[in-house]
Every structure is written in C-alpha cells, then in structure tokens.
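Shown next as structure tokens: one chain only, the form predicted on its own.
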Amino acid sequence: MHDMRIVMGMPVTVDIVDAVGPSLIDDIFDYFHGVDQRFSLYKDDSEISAFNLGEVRVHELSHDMKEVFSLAEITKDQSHGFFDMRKADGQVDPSGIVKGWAIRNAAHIIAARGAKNFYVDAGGDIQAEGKNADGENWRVGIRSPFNDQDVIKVVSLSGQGIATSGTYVRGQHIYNPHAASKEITDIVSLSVIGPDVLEADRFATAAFAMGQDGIYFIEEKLGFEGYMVNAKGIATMTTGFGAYVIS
C-alpha cells in the first residue's frame, strides 16, 4: 500500500510492503491530522495555541504535549542549549521536534499492526524499516538546497531515520538561542541519520542552530551521521556517513 496526502502543511507519504488491513493507511493519516490539530501554531484552537495564550496550564496539558515538552528539555540539555523551544518572546514552539516524534509514533502504529517493511515520510523526514518491494534497503534522496529538483545524495536505510534541517524551504525559521538576533547564513542544509527519525530530527535541528560547527556535534554522537551543505554549496560529511551512500 502506498499513499501520499497533504497533512500538517506538507506531503506525508506512507508505503507499506507487507499485507495489512486496508484501514491502516487511513488510521495513520488520521493520526497525523490529530497531531496537527494539537500542535499547530497556525490553528487558534490547537492545544499549543491555548497554552501560549495562557488558557491551558502545564498540569492541564495532554500526555502527548507533556511528552514533547520533556523531549525538548532533554534535547536542550544534550545540545548545550542550541535547541530551545522557548522563544525570545516567551512563546513555546516545539515544532523542531514534533515532526520526528509524530513520524516515529506512526511507525510504531504500523509495526504494531504486523508490518515489518515500510517507510513513513513527512516533509522529507523519514523512518525506514525492513526492505522495499524489491527486497532491498530503502533508498532515500537528499535534495539540493539550491534546486529542489536535484538530488545530491542517495542513501540506503533500513531500521534508521533521517531528518534534514535547513533554511532553503521555510527561510530563517531556525535560530541560535545563544545569538537569537543573528540569522544563520553560513549553512543551508544539514541532514542527520540516526537510530530513529525522532533522534535524527531533534539533533538535526540543534546541529543546524550551531551553524558550521553543527557537523562536528553530530560527528561526536555515537550512532549518528551527518551531511552538511554550506552557503557556498560545499558539502561536509561525518566520517561514517559514506557507509550509507549509494550515489
């Protein structure tokens, strides 16, 4: 089964090789719609909007919101403060971690229904499990940050997640909490492969906020590999990234 729908303002693709119940695809997209309703900063009636308006207090938050807040605080600590969901204006924006969290959870739902070979892709961040329909590892392309029609690297994944942070699609939406007024212009894209897409996503966001030093942060993390493109189009990869590269 293969389907792509627009959810959370981005294309979400689910591909399941194994034979599973026909309702599973719909269940997964329903899950993503539920995440969007709860975490969207663009919906006035979302839970995160209500929290930022002071209409909902911390102890009144849902289990999901508390879990994401906790993950954000853990990531802040692990990244030396380069990941921070609390903005300078006092608002809370957990979007740097929600997408990877949602993809990982969707993958868990699929696995719990008996599938072992599938992938879930939300806006280019992917959890890949098992093999594709040809019995091979899943092939994932990393798009050029200068031309979204070009693929600059293709990697082979099975049982890993990959996430990319950058400014080439949404502009300067990632900031360095240690220099909040300064735009990040030295790099344009940083892709991270990790043990799952949540881990890849949260550290890709934190590493991008570090600018050119972010690739060294990923280099030092056991079980993670990264591929960074700077503003001049020069790529730098961690020492183990090449093991995943097909072309």
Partner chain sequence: MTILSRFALVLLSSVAGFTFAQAASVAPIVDPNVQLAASTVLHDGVFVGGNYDAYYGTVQVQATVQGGQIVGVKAVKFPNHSGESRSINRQALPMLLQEVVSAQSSRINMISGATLTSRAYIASLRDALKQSNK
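Positions refer to the first chain, counted from 1. Predicted model only: the values in this text are computed from it and were never measured.
Below, we refer to the form predicted together with the partner chain, which is not included among the displayed structures.
Every member of the trio Y42, G141 and G166 reaches the partner chain in the predicted complex with some non-hydrogen atom inside 4.5 Å.
Residues with any non-hydrogen atom within 4.5 angstroms of the partner chain in the predicted complex fall in just one of 49-57, 22-30, 205-213, 64-72: 205-213. Contact annotation for I152: at least one heavy atom lies within 4.5 Å of the partner chain in the predicted complex.
Interface membership of N117, defined by any non-hydrogen atom within 4.5 Å of the partner chain in the predicted complex, is ruled out.
When contacts are judged by a 4.5 Å heavy atom cut-off, I110 does not count as touching the partner chain in the predicted complex. Contact check for M237: a heavy atom falls within 4.5 Å of the partner chain in the predicted complex.
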